Structure formats: structure tokens, C-alpha cells
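Here you get one chain, nothing else, as C-alpha cells; it is the form predicted alone.
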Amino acid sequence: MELANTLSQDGESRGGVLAHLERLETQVSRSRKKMEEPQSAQAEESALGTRIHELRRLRDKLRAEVKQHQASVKASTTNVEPDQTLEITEQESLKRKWENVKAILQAYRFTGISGKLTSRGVCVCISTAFEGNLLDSYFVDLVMRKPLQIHHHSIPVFIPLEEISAKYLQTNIQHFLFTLCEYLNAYSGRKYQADRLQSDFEAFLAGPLQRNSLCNLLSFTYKAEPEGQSFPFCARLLYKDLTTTLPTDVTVTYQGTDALSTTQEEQRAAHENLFFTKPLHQVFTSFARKGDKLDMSLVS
């Protein structure tokens, strides 16, 4: 009985000791982890500091290499003669203009502007048209040197080529070609209308058509119906804007001794409005269809 009690007590004593030892081991393990955590953070901080130091070293190295390269470029530029430097700059400028001209010709070949390269530079051809009718073509032969020069051309003398060249040729060759194209197309369109009036509607004219070389001033006497006995009208058309095909100033007077009736005044005013808004051949086509009765859809 005593032995059993002794064993029982020893068992409990041993169980209590083992549990106590396990608790001590757990506490020791936790203490070690707490001690290792600061060491780990310190190690990471040390590695980060090393990386930052390395990056700064590489930055300083790159800065030194850039400064050395800049100094080398400056020295090589200084050793070049001024004339040689100017020549290089001019060559680069001319090369850019050459490439620009080729790009323009390629982009606008469907708009009436075309061209081909020559030994001196480029020869540009401007084909004019009006209402889908292909009209005259003109060329400008450009010499690709500084400054750009026009070697020869077929532009009519009354087109302000010198003025257009002075404004745009050296600074914006694209604008130069566009502006020249506007003037030439407008001139060809005005000439086309005057030619059509003389050839297709001669029966309406009571006298010769008077026009200047630029076709920006037209005057003529006409009848609204070729077989009628009414007094003719006198028309004066002025095109102040040389890039347009419609007049900017129209004067229509009634050639007669008597005062105009209300109907005649309305007809005269309607004619003026037609000349302002429609090409000449369209106006006289309206006269031919309607006689004295104007096609009022054209007036509006």
C-alpha cells in the first residue's frame, strides 16, 4: 500500500517535472526568436544600405562618362573650321528640304501636283482643272541649293510668282506649291468660263466679250433670250480675289432708254445674283432652258 502510494507520488512528481521542462523549453524558444528578429532586421538594413551605396557609385560613374563625352564633342566641334561647320549645316538643311519636296510630291500627286527629280533638284508640274475638266499644266524647275532657286518655269507673267516665292519658297515649300496651285487653278477656271461663254453661248452676246489677260475683269452685253426683241443687259464682273473662280463684284445694267419696270428690275437683280453664285456657263445654260423665265432654283 505504501509502495503504491510511493509510485503514485513518483509518477505525479515525474509528470510535473516533464511538464515544467516543456514549459521552460517553450519559453527559451520564444526568447531566442525575439532575439533573432532584431538581428534579421539589422541584416536587411545593412544589405539595403550596401545596395544604395552601389547605385550611387554607378550614378556618379555615369555622370562622369556623360561629362567626358560632352567635352569630347565640344572639342571636336571647336577644331572644325567655321566654313566647314557652315557647310555641314547648309547640307543638312538642303537634305531636309529635299526630303520634304519628295514627300510633298508623293502626297499630292493625286491633287494635280506632280514632279520628277532632276540633276539640279526637282521639276514640279501643276495640272489645273475646273468642274472635273482637265485644263492647262504648268511647271516650275527648282534648284536645290541654298537659297532655293527657280531655274525656269512656264507660269504666266500675270501670276504673282515672285511675290509668292518671296513669301514661302525659302520657309515653307509646301505652302509655296499650294498657293501657286490656287492661283493657277483659279485663273484656268475663269478662263474656262470665258471661253465657254464665247464658244457655246455666242448667240446670247450682243457684242464681243472683253477680258484682260488674267481673266479677272470681264464685261459683255447679252440678252436673256437670243431670239427676243428685249433690250440687252450689260454685265461687268470683277474678281478681286485671284484665287477664286466667282466674281467679288458684279454690276448688271439694263441697256435701254426707258425706265425699268418692276419686272425688268427684278430680272436685272436676279441676273446679278446668278453671276455672283454660279459660273458663267451655268448662268447662260439657265437662260437657254428657261428663256425669260429664270431657273429660280439657281438664284437661291
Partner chain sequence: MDETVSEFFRRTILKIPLTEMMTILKTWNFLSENQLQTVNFRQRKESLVQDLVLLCEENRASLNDAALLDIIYTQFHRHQKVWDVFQMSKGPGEDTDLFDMEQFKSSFKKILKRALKNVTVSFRDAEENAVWIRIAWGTQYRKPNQYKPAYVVYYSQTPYAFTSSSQLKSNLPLLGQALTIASKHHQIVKMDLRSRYLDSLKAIVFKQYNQIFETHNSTTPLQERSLGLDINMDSRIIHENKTEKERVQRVTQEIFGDYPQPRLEFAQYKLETKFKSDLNGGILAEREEPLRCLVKFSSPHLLEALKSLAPAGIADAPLSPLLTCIPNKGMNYFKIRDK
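Note that the structure is a prediction, hence the values are computed from the model and not measured. Positions refer to the first chain, counted from 1.
Beyond the structure shown, there is the form predicted together with its partner chain, which is absent from this document and is the topic of what follows.
- In terms of contact with its partner chain in the predicted bound form, the residue from 238, 234, 269, 260 that brings a heavy atom within 4.5 Å is 238.
- Contact with its partner chain in the predicted bound form, judged by any heavy atom within 4.5 Å, is made by just one of 199, 213, 171, 133: 213.
- The shortest heavy atom separation between residue 166 and its partner chain in the predicted bound form exceeds 4.5 Å.
- Shown alone here, residue 143 lies farther than 4.5 Å from its partner chain in the predicted bound form, counting heavy atoms only.
- Interface residue remark: residue 157 is counted as part of the site for its partner chain in the predicted bound form, having a heavy atom within 4.5 Å.
- For residue 223, no non-hydrogen atom is located within 4.5 Å of its partner chain in the predicted bound form, even though that partner is not displayed.
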